[in-house]
Ligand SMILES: Cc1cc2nc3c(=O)[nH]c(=O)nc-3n(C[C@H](O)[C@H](O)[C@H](O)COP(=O)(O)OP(=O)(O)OC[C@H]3O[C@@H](n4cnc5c(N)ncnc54)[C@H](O)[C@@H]3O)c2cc1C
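Take a look at this single chain in structure tokens; it is the form predicted on its own.
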């Protein structure tokens, strides 16, 4: 529970929210609360001031803008699942949303919250990486700025957010003809499971040749990561499943209570090879 002395601010506009955050940078932002409330209930966090963003309508909505798809930071997992725009332009993100928690979590949990929480097991992170997502950050003093998602994660639960900033939106490039995507989450069970590892792949092919490759993994280390070695090897030629073994140059999996490093390493290579085989076939 929130401590009895905690002050809860509930702004009704983005400017009001940014002003509040600038005035008191220690204020903890609250979106859906599916991560934050767990930390508070477990006595791992005791904020004195909370910024409740749920009523800020400017942080909502999914729409197309000049070759981009804009997703407001308060977009919920359920809204991702039911978006016809995302079904066309980012089906892998829709698939990831479908694996996230139970219905109650999907109705409250938000895309911006998943990014701000910065858990390497976050379900949205591999799709956003593979789709070349860009995070928009807002400050009352400096205005808006955009950070490519690969530069947003600085370490375990550390991000490029400055103390006076809030995540305002996530932008994805509109889908290009020839793009093929894939998402896979490996967990202890088929539903309501935290990832042992997750993977999202995107390739663009023309005339049988790969012109672009994006291979993103979650839950393998302190931050979500791209398999740059394999991407470079894939581009410029046909899909070759044997290149999956090059993934060993890009990953150094961690061991934790959910999985061993050895399992993660072999599972990651197998998931990647299986997808490449399906493309080649």
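Keep in mind that this is a model prediction, so the values were computed, not measured. Positions refer to the first chain, counted from 1.
There is another form of this protein, the form predicted in complex with the ligand, and it is not shown here; the text below is about that form.
Although the partner is absent here, residue 131 lies well away from the ligand in the model of the complex, with no heavy atom inside 4.5 Å. Using a 4.5 angstroms threshold between heavy atoms, residue 166 counts as touching the ligand in the model of the complex. With a 4.5 Å cutoff on heavy atoms, residue 78 does not count as touching the ligand in the model of the complex; it lies far away.
Taking the partner from the other structure, the ligand in the model of the complex has no heavy atom within 4.5 Å of any heavy atom of residue 184. Of the residues given (29, 251, 246, 223), 29 alone sits with a heavy atom within 4.5 Å of the ligand in the model of the complex. Note on contacts: among 196, 204, 108, 89, the single residue with a heavy atom within 4.5 Å of the ligand in the model of the complex is 108. Of the stretches 139 to 147, 81 to 89, 99 to 107, 206 to 214, only 99 to 107 has residues with a heavy atom within 4.5 Å of the ligand in the model of the complex. Contact check for 11, 19 and 56: none of the three has a heavy atom within 4.5 Å of the ligand in the model of the complex. Of all the residues from 239 to 254, none has a non-hydrogen atom no more than 4.5 Å from the ligand in the model of the complex.
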